[in-house]
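Quick setup: one chain, the form predicted on its own, written in structure tokens, and binding and motion questions come after.
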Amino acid sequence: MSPIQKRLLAWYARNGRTHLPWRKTRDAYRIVVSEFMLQQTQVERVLPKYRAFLKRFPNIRTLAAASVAEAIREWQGLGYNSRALRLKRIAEAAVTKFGGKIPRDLESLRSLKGIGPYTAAALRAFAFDEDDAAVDTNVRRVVERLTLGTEEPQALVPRGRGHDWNSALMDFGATICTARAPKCAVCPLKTVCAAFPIDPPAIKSPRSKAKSVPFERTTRFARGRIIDRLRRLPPGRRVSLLALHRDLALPGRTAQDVTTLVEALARDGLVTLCNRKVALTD
């Protein structure tokens, strides 16, 4: 192994987040659940929801057999509810096409709608110990710094160590080689890092002068409030669009705005709209 590989793996063995439940398993279903939950969501928020979701849907067949509404209800607190829908559709396809198992080969993985290049590589590395590079923004940043962009992440994966290597890169990027304030002074790879030392002011993005929109006025917030309201409906019940608008009292949103948001949620498959009454998709 190269000096970079040896030092990073040694650092991971001492300091890696090996206690995380998805690091302790090679169950592809549990790993795909963690990958979907961790998209744009912090680890601390994911941990309790991950355990609760797996308690409710302990295997891929139970999730495939559940309704969309059940999956979305269990997703509460994570946001980006379309992830729950995509995860359920993957479970359904895995049961239909692959006998209730997440496939190992890349072509089959990519045939599951909702699994892109990153998730496919992550599943192959974490569930099947394949030497794939699961490259997200953080991993690419670390590799580009270590090699000044002269190496592709795939070229650095040590043979037979795909799981630990990808885990190490992710943890290293999250705790040491961070985007805005890398801890170069205590970095265990500083003697083999091509970019050492990094000047933090040089890597900070300039602040935008444009005024940001308050989150409470964003489409994401409004969609989330609608889904949260529908989660509280008893199974089989619907609520009218007018009552939904009245109940939510979204800042600056008219009844027509709420209708437009619900129609978009229906196109996404998260809700069903019939005779101007709406509920989570069964």
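Note that residue numbering begins at 1 and tracks the sequence as displayed. Bear in mind that the values here come from a model prediction, so they are computed numbers and not experimental data.
From this point on, the text means the form predicted together with the DNA, which you will not see here.
Trainee: Is Arg45 close to the DNA in the model of the complex, meaning a heavy atom pair under 4.5 Å apart or at it?
Mentor: Judged by the heavy-atom cut-off of 4.5 Å, Arg45 is in contact with the DNA in the model of the complex.
Trainee: Consider Ile115 of the chain shown here, and say whether it contacts the DNA in the model of the complex, taking contact as heavy atoms within 4.5 Å.
Mentor: Judged by the heavy-atom cut-off of 4.5 Å, Ile115 is in contact with the DNA in the model of the complex.
Trainee: Using the partner position in the model of the complex, report whether Thr119 sits within 4.5 Å of the DNA, counting heavy atoms only.
Mentor: Contact with the DNA, yes.
Trainee: Is it the case that Glu74, even though its partner is missing from this view, gets within 4.5 Å of the DNA in the model of the complex, heavy atoms only?
Mentor: Contact with the DNA, no.
Trainee: In the model of the complex, which of the listed residues (Glu144, Asp171, Glu130, Asp136) lies with a heavy atom within 4.5 Å of the DNA?
Mentor: Answer to the contact question: Asp136.
Trainee: State the residue from Ser240, Thr219, Thr254, Asn59 whose non-hydrogen atoms include one within 4.5 Å of the DNA in the model of the complex.
Mentor: Contact residue from the list: Thr219.
Trainee: Based on heavy atom distances of at most 4.5 Å to the DNA in the model of the complex, which listed stretch, 100-108, 136-144, 185-193, 151-159, is the contact stretch?
Mentor: After filtering at 4.5 Å, what remains is 136-144.
Trainee: Given a 4.5 Å distance limit between heavy atoms, list every residue of 74-98 close to the DNA in the model of the complex, or none if there are none.
Mentor: Residues within 4.5 Å: Gly79, Tyr80, Asn81, Arg83, Arg86.
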